[in-house]
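Below, in C-alpha cells: the form predicted alone, a single chain.
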Amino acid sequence: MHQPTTEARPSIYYNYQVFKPWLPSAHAAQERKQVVIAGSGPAGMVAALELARLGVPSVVLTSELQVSQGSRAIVFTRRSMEILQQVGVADRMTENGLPWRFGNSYYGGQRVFRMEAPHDADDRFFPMINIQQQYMEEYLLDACQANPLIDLRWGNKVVKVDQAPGVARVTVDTPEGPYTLETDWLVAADGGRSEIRTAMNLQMEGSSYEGFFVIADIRVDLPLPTERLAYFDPEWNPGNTILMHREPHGIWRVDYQLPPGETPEEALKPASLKARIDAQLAMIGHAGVPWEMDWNSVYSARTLTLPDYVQGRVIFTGDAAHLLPIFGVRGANTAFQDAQSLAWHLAFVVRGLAGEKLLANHSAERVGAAREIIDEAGKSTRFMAPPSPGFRLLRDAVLSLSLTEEFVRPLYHWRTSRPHEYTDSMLNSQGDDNALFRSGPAHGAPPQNIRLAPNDFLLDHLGGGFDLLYFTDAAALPEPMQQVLAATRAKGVPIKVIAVGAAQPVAGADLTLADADGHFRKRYGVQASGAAYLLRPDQHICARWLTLDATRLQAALNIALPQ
C-alpha cells in the first residue's frame, strides 16, 4: 500500500502545501481513459495542459502529495517561456522570476570571458529567467487544477503496466490500496529514475561521466547582479568547477564539483557543506557574510537516451526518456519541448486526425533532438569535468592561455539550450519554396517572434492548432484557398489564418496584422504578396512558399498529417 509522506517539505522561504490523496473508494468505477500521464513534473503537466488545449482529456498520476523540493531546475530559456505562454503560466513566471542575459567565467582570479545572450525588440521574453522549480510546478499545477479536462490524482503511484493490443492496463497504488486504469495511451513522465522504464527493462544509450556535483540553495545577501557565474580551477577546489546563480527570495544556488573519490554522503555532511560555502563566499570577496542553508543534493552528469520513445501503448517523455547534463540549462527546458511535441502528435492521433505514423515521427524528432543535445552537452561536460587526463590537459591549456590570449576565450562559451530544428522531419513539405527563401525561419525551425505593439507580439496570437501566416495586401483570401481551409476545419483539424500586411481586415482570415514598415516581411524573408508560412501546432515551420495556392496548401497539410 503506497504511503506518501504527509509532512510538508522543509524550507526557509517556500510554504509547501500537502494535498489529500485521490482514493478509489471515493469515486465511481473507472472507465477506460484516452490518455493517462504518470508523473506531475514539468513534462507531465505541460503535456496535460497542451493535450487539454487540443481537446483531449487526461488523468495525471503523481505518487507524492506536494510539489518537488529545492531549486532543481532553475534557469528557463526564452523558448521555454514561449511554450509556457501557450499553457498560460508565463506571466506568473515573469512576475516572480529574475531575468538575465550575461554570464561570467573566471580563472586565476580574473574574469576571462563575458557571455552576452542576444536580445532585441522582437523578443517578448529575456534569453533566460531564474526561478526555483517548485514555483514553476505550482504555477503549472494551478493551471491543471483549473482545467476541467485534467484529472490530477495526488498520492497515486504507478506500480505495474501491462500491454495488450490497443490498450495499456495501469495498476495504481494508493494509501488505501491499488486499482486498475485502462487507457489507450500511457505517457511515462515519471522522471529520471522512471520505474516504468525500469519495469519494461528498456536500455538507454549513451555515456555516464564520473564525478559528482553538489547543489546547495542558500539564503545570503550578496550585492551582485543576476548573471551566471562560473569559476574554473578555484583555489579552494583545485581542478574543479563552481557555478553560481541568483534565485528569487534572497536565495543563491551554488553548484560545485567534488574531488575524485569523495562520496555524496561525505559531501552532504553539514561540516563539509559549511566549509565549502564559506570558502566560496570568501573567494568572491564576501567572507563572513551570514548565510543559511535551504536545500542541498548531489548529481552526476549523464548523456543517455532511449532509442525509441514509443513502446507499444507507452510513450516516454522528459527525463524518463533521456538523461542530460544540466550544463547549458538543458533539463527542464528540453522537457518542455518534449511535452509540447508529444501533446500535439498524440492529440491528433487520439482525435483520429492522423495515423499512428505521427507518433513515430514524434519519437524520431525528439530522439534526434536528444542526440544533438548529447553531442553538444558532452563538449561542455568534458570542459566542466574532464573525464580523462587527456581532456584535462587540453582544458587546462585553454584555461591557462585564456589569461593572456583573447582568441581562446570563446571556448568558454558552450551552447546553451535552444529549440531543436526539425530540418529533416517527414512532416516538412516536399513541394514548397523552402530552398528559395534567403532569410526567415526555415523548415523545422520555431517562428521568429515579431513585436506588433508595446505589449503585443506575434506569438501571443499563435497556438492551439496549425497556423497559416499569409502575406497579402488583398481584401480577401483567394476563394480556392478558403475552400481548402473550410474542408480542413470540417474534418476537425484546427487551423488559424493570420493575414499579414493588409491595411484592412482580410476576408477569410481569422486575424489581420498590419505591416506598414515592412518589418514583419523582412524578418520572414518575404518579397511580395502571396507568400506564406505553415506552422505545426508546436509552432515549428513545416512549409513556406513565395507563392501559395490552394493545391500547394492541401499538399502540405496532407504531408503534415500522415494517415
Ligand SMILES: Cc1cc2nc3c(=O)[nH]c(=O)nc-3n(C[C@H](O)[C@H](O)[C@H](O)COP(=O)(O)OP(=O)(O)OC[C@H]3O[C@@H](n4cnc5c(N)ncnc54)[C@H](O)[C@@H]3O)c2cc1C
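Residue positions are given as counts along the sequence shown, with the first one as 1. Note that the structure is predicted; figures quoted are calculated from it, not measured.
The same protein has a further form, the form predicted in complex with the ligand, not shown here; the description that follows concerns it.
A residue is said to contact a partner when one of its heavy atoms sits within 4.5 Å of a partner heavy atom; Asp319 meets this definition for the ligand in the predicted bound form.
Although the partner is absent from this view, His443 stays clear of the ligand in the predicted bound form, with no non-hydrogen atom inside 4.5 angstroms.
In the predicted bound form, the ligand lies within 4.5 Å of some heavy atom of Glu64.
Ala532 falls outside the set of residues with a heavy atom inside 4.5 Å of the ligand in the predicted bound form. Distance criterion of 4.5 Å from any heavy atom to the ligand in the predicted bound form singles out Ala335 from the list Leu84, Ala335, Ala347, Leu186. Only one of Leu49, Val36, Ala43, Val500 lies close to the ligand in the predicted bound form, with a heavy atom inside 4.5 Å, and it is Ala43.
Residues with any non-hydrogen atom within 4.5 angstroms of the ligand in the predicted bound form fall in just one of 84-92, 289-297, 98-106, 397-405: 289-297. Within 4.5 Å of the ligand in the predicted bound form, a heavy atom is found for all three of Gln133, Lys157 and Ile215. Along 231-270, a non-hydrogen atom within 4.5 Å of the ligand in the predicted bound form is carried only by Arg253.
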